[in-house]
Structure formats: structure tokens, C-alpha cells
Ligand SMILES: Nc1ncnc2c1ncn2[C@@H]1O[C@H](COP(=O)(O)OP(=O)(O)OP(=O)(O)O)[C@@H](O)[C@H]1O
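So this first bit is one chain, no partners, the form predicted on its own, shown in C-alpha cells.
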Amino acid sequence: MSDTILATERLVKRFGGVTAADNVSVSLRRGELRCLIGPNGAGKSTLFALLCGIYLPDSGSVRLNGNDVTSLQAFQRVRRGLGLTFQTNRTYHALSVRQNLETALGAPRNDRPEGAKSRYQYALERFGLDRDLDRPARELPHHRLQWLEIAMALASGPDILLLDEPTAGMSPDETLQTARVLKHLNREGLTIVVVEHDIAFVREAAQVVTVLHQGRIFAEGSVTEITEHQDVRRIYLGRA
């Protein structure tokens, strides 16, 4: 099995006269925990949507587990091993926590990876959702709704988990708890990619950081390399 689990080749996505993804080539290794960062308008959300299948590229390709999935929609990629959460929480607020999880478990993959069940159970326990199973989701505070969505994404046993700003609106302690759970899941074999603004989360969780700017890969490296990168500092301050 290849070390590369998810890869793009020269992805281009335009919206009118704006090129939101400009020949983006990125390769994600199996077992890594990577954060995608960049200033507002850098193209992070567009790249996330292209990886998920929410957008289809104008040109270029996406490969998942060695297979070309460029033309597949999001639900088809989920069936092939992709787990997703989004900026806008998509849990079913009228249902209980248990019913939300049962919905996510409704059609588990036949080829669930080793350890998927234990990772899902770990997340339930560490996020405290196992104590809220009969509680309506609408009664959960914001951070626990975010955690419920992560648990739902884990329910199908993904090979790779893509999270779009999972700690948005969380307190520092809640953000740290999220980072610790994701780090444990990663150590247990789950590949994780996070689009994130919170640098405290990135410092705590990331093994590799990819910086986007104006629709392109601007820099890539360890947290230390990126935080000490003078040009990265400049684009965040708006002077590049």
C-alpha cells in the first residue's frame, strides 16, 4: 500500500475572474496530522472543498488511496474512506445524540480499517458524548456539537479525516481538548487534515503545516519552521 493517502495534481478552480486554487499539488502521507493555514482569502476553503468533492476542479486531479476520485461527489468519496466535518455544524439538532450517531453508523464501510471502532469509542468517551446519548443535540453547547460532528465522521471508519475549522468558537481549554483527542486518534493510525485559523491548535497538534496564499502553496514544513518563516509572518500581517 502506498504511503500517499490523498494527493492533488495541479488543481485549478476559478470563480469568474478569481483563481481560488492555482495549480495546487499536495501529497498527504498515510498516518500524518497536517494543518492547512493561511490568511483570509488564501484558498483554504476552496482546497478543502476540492478535496471533499463539494467543488469539482476546472483542471487537475485528486487521488484517494491511489484511486482517481476527481469526478466523484462528496458522498462517493466518503464511501471510499473520507471522513468530513464542515465550518457550519451539520448535526441533526432535533435528534438525540444517540440518533445522530446511529444515523452516521447507518451504512458502515465493509472494509473499515483496523482500529476504526476503538478510535470512534475513544472519541465518544473523551468528548463525554457517551454521557449525553439521550440528550437532544439542540441542548448541547457549541463545542459539544462540534465534538458530536467529529464523532459522527469517525463512525463510518474513515481512512482519512478532513476537518474544516473544528475549533471555531471554542474556548482555549476546549480547543486544547480537541487537539489532544485528535493527536491520540492520529497516533492510533488515523490520517487527519485540519483547516484551521487557531495557531494555538496548530502548535499543539500539527506534524506538518501547509501554508496557502493567493490560491497557491506558499510554504510547507514543521510547526517550528513555519512559525519562524519570515515570509509567512509577512503574509499574515498583510505585507506580501
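Small disclaimer: the values here were computed from a predicted structure and weren't measured. One rule holds for the numbers: they count along the sequence shown, beginning at 1.
Only in words, not in the display: the form predicted together with this ligand, which the text now covers.
Q: Tell me which of 37 to 45, 24 to 32, 167 to 175, 64 to 72 has residues with heavy atoms within 4.5 angstroms of this ligand in the predicted complex?
A: Looking at the other structure, the answer is 37 to 45.
Q: Between the options I217, V223, V232, A20, which residue brings a heavy atom to within 4.5 Å of this ligand in the predicted complex?
A: Looking at I217, V223, V232, A20 one by one, just A20 meets the 4.5 Å heavy-atom criterion.
Q: Would F86, Y122 and R187 all count as contacting this ligand in the predicted complex, using a 4.5 Å heavy atom cut-off?
A: Spot residues vs this ligand: no contact at all.
Q: Is K183 part of the interface with this ligand in the predicted complex - any heavy atom within 4.5 Å?
A: Answer no; every heavy atom of K183 is more than 4.5 Å from this ligand in the predicted complex.
Q: So in the predicted complex, does any heavy atom of H197 sit within 4.5 Å of this ligand?
A: H197: yes, in contact with this ligand in the predicted complex.
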